[in-house]
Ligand SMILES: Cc1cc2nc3c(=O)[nH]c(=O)nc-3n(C[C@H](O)[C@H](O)[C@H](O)COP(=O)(O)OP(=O)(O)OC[C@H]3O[C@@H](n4cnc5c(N)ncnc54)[C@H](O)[C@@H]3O)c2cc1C
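Only one chain is given next, in structure tokens, and it is the form predicted on its own.
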């Protein structure tokens, strides 16, 4: 779509050149930005020229630039002991997108859209990701992904604040994982996307519920729980009004499939 309100496109090459005022919009992949009219926007600030490395692996974990393309993340192959890396492809395959989106959309863009069915939100929350945020003034701040998204299309970003990167710790990447996803239609938007990770010794079982809820939810157990313990914990943390209702499923439906899929995951990882 042509954005006929845009009068300027800025391409800063350094952090010092970044500026912000009302009417500006950050541009990374632009797959949502160019999908509908942006009547309040007159200037795009293109982040591509900043040249952030898409993916940086280190003994501490994986640093994912907000501008990292979905296709780049899909192609990543980590160290042999990072058992959770195949989850990247599993979550990416849950996306509802064309090949054009695949090669243009960014990881950071998906997080900043903050939709319940955001597959990169599910992935980075499940792997205990931590966002680095750049406010317009002041020092960078860090925020766990599970706290970054606060609701349907809502997050903690302040006006002009920029998501710089997401760090996935090596401790999470070394864990075993299991994932389940369900949609009402073939290749449709996720009604529930559930992931669990656990250490090889069965310790530190982390269940991440997403798509079925307005924001991702973590449920952590010292060890792999029993079926009864898992079901009771889900209900204790998610009452009837905590489920996200939309055309992709009622709250009752999403609660039901979450219980069903979570128990499958528990059994797989036991």
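What we label the rigid core is the largest C-alpha set whose atoms superpose within 1.5 Å from one form to the other. Just so it is clear, the model here is predicted, and its values are computed rather than measured. Residue numbers count along the first chain shown, from 1.
There is another form of the same protein, the form predicted in complex with the named molecule; it is not shown, and what comes next is about it.
Q: Exactly one stretch in 29-37, 205-213, 221-229, 236-244 has heavy atoms within 4.5 Å of the named molecule in the predicted complex; which is it?
A: This holds for exactly one stretch, 29-37.
Q: Taking the named molecule as it sits in the predicted complex, is residue 71 in contact with it (heavy atom to heavy atom, 4.5 Å or less)?
A: Looking in the predicted complex, residue contacts with the named molecule do not include residue 71, since no heavy atom lies within 4.5 Å.
Q: Taking the named molecule as it sits in the predicted complex, is residue 47 in contact with it (heavy atom to heavy atom, 4.5 Å or less)?
A: Answer yes; at least one heavy atom of residue 47 falls within 4.5 Å of the named molecule in the predicted complex.
Q: May I ask you to check whether residue 82 falls inside a 4.5 Å heavy atom distance of the named molecule in the predicted complex?
A: Contact with the named molecule, no.
Q: Is the gap between residue 95 and the named molecule in the predicted complex 4.5 Å or less for some heavy atom pair?
A: Residue 95 belongs to the contact set for the named molecule.
Q: Identify, from the list 162, 146, 173, 182, the residue with a heavy atom within 4.5 Å of the named molecule in the predicted complex.
A: Contact with the named molecule in the predicted complex is made by 162 alone.
Q: So which of 125, 168, 194, 117 reaches within 4.5 angstroms of the named molecule in the predicted complex, heavy atom to heavy atom?
A: Exactly one listed residue reaches within 4.5 Å, namely 117.
Q: Pull the contact list for 171-191: residues with a heavy atom within 4.5 Å of the named molecule in the predicted complex, in sequence order.
A: Going through 171-191 in order - heavy atoms within 4.5 Å of the named molecule in the predicted complex - there is one hit, 189.
Q: Answer yes if the CA of residue 247 moves 2 Å or more between this form and the one not shown after aligning the rigid core, and no otherwise.
A: After core superposition, the displacement of the residue 247 C-alpha between this form and the one not shown stays below 2 Å, so no.
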